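Presented below, as structure tokens, is a lone chain in the form predicted on its own.
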Amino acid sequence: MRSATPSDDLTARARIRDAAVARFGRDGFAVSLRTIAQDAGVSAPLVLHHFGSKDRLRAECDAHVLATIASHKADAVGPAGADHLLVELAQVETYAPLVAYVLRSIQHGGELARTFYEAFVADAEDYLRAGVAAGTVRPSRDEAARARFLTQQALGGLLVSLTLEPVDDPAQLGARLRAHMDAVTLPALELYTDGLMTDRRMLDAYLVYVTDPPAGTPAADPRPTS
């Protein structure tokens, strides 16, 4: 067997990572490294050579998925956000493996899932902050809480959609993702751009409540709990 050149080595590593993202998203994290190796067209020892263990492979998959999604989010809240949104909607099916991986990670639970989720929240804070600086996003009284809320809404909506209408054939996940996006994009954009209520009385009442609650009433804690 000929020795791998540096470019071959990098290509194999990326191929293994991408195969793992797809397989973990379809079948969960109990899948064997041998199965991932078969999907990538490499030997099982080569997977261990590159990553050492399944946990390290999953950690690299996490980093890759987060970096990919973060780059698209940053573009979406920049000055060219509207045009970028149209491009993203046109090719939403291409993100199906990433979406499946994200949801599988959250469903799996555990410390890795929590770390993954918190990274999403941190990314949301970063791109919202960038949007505020660019003048495309309104400032918030609590930027961290807003980022966490939006992350929960996005992931929770996908989890509900794909749990109530599961996809058995991985090849159909792209179409299911498209259907979900078609269903939520208009109401989400209406809420994010036009708002829901016609005045701010409820917000003002809540702000009074958290700063000066009625006697004998425990003060609401606006800090996020999860």
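Residues carry their position along the shown sequence, with the first being 1. These numbers were taken from a predicted model, which means no experiment stands behind them.
Keep in mind that the form predicted together with the DNA is not shown, yet the notes after this line are about it.
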>> Quick check for you: of 47-55, 158-166, 195-203, 178-186, which stretch puts a non-hydrogen atom within 4.5 Å of the DNA in the model of the complex?
In response: 47-55
> Contact between Ala63 and the DNA in the model of the complex at 4.5 Å, heavy atoms?
Replying inline: no
> Hey, in the model of the complex, does Gly28 get a heavy atom within 4.5 angstroms of the DNA?
Replying inline: no
> Could you tell me if Ser43 has a non-hydrogen atom within 4.5 Å of the DNA in the model of the complex?
Replying inline: yes
>> So in the model of the complex, is the DNA close enough to Ser32 to count as touching (4.5 Å, heavy atoms)?
In response: yes
>> With a change of at least 3 Å, which way does the C-alpha separation between Arg58 and Val121 go in the model of the complex: closer or farther?
In response: farther
>> Between the shown chain and the other structure, the Cα gap of Ser32 to Thr163 differs by 3 Å or more. Is it closer or farther in the model of the complex?
In response: closer
